[in-house]
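Next up: a single chain in structure tokens, the form predicted on its own.
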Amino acid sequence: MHHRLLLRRRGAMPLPSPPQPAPRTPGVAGGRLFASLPSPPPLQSRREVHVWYLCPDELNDHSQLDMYKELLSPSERKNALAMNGPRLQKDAMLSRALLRTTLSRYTDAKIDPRSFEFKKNKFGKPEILWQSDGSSMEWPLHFNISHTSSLIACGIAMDTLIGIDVEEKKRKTVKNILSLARRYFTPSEVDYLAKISDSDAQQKEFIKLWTLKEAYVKALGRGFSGAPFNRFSNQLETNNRIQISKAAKVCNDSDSGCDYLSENWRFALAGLNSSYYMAVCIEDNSRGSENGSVPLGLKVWKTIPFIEDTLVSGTDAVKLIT
């Protein structure tokens, strides 16, 4: 609590009492914004991923939104305000607030959410910019963000590249599913979809493949133009693991630009909140070793930062597909 001392001159009229400040939202007190931001269980290995998500439509308290806005850097606030319309502005702001609060958790709250700085690799993928002056310890954290119109998710991994994608199960497509598949997918994936006679089931499988591909490309950090979907296939192996393979017709040419593609990646695919598919991809150099059969560990929380965290792994909210 800050106390204000009011001085009076002898014979002068007493000064009016200053207006009392509005109560602050929990979690914002003094110089530390994360007193109520509990640390999660530690990431046990490079084969474990934690995902934190929020639903923007559930966050409408203006003082709470103002608190989240305070976490952003000036450039982040500027970018959010540049979005087209209040809804997109709010989503952009919540995305950065979710990222900053999530990263802070994994430093044991030693780094204020406002203190993180970021850089982009040559393909535009954001990364943490750690200070080289020794003012803060460097944690081997990697992150990725995914958005839908009604959900924002942040994936966190330790000392390994990560990509995450979330898509609505009933996402509408402007073109026929097979037409889209022929444009973006490999021939083997097109053949797989063409064998599915039920249109609803075909669309679901298309979205699953798209989600897996998006997560892989984001983990590579090259962007869609740097890693076109038709250069690699996702396939479900008999041991219920997802395998990446280069598209033969595209990548057999030594000048095809497929050298960056590799098979040392591990996936998890899940249904989320009954309305979404979520794919997570991490780099995994243990394939072929005795640890190669260990599945990717996935824990998921729904959060309202500073207010409420709910572990939803193992509940009906998260249905692991593979």
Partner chain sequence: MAAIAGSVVSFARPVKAVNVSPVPFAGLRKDNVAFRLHPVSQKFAVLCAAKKETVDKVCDIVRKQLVLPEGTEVSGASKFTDLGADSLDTVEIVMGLEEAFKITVEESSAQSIGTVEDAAELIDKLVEAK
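Positions refer to the first chain, counted from 1. Here the structure is a predicted model, which means the values were calculated and not measured.
Heads up, the form predicted in complex with its partner chain isn't pictured, but that's what we're talking about next.
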Taking its partner chain as it sits in the predicted complex, is Arg183 in contact with it (heavy atom to heavy atom, 4.5 Å or less)? yes
For Ser199, is any heavy atom within 4.5 Å of its partner chain in the predicted complex, or not? no
State yes or no: in the predicted complex, is some non-hydrogen atom of Pro187 no more than 4.5 angstroms from a non-hydrogen atom of its partner chain? no
Does Asp112 make contact with its partner chain in the predicted complex, using a 4.5 Å heavy atom cut-off? no
Among the candidates Ser150, Ser179, Asn121, Gln131, the residue which, in the predicted complex, approaches its partner chain to within 4.5 Å (heavy atoms): Ser179
Check for me: heavy atom within 4.5 Å of its partner chain in the predicted complex, for each of Thr173, Trp210 and Arg222, yes or no. yes
Residue stretch of 152 to 160, 84 to 92, 189 to 197, 101 to 109 approaching its partner chain in the predicted complex, non-hydrogen atom distance within 4.5 Å: 84 to 92
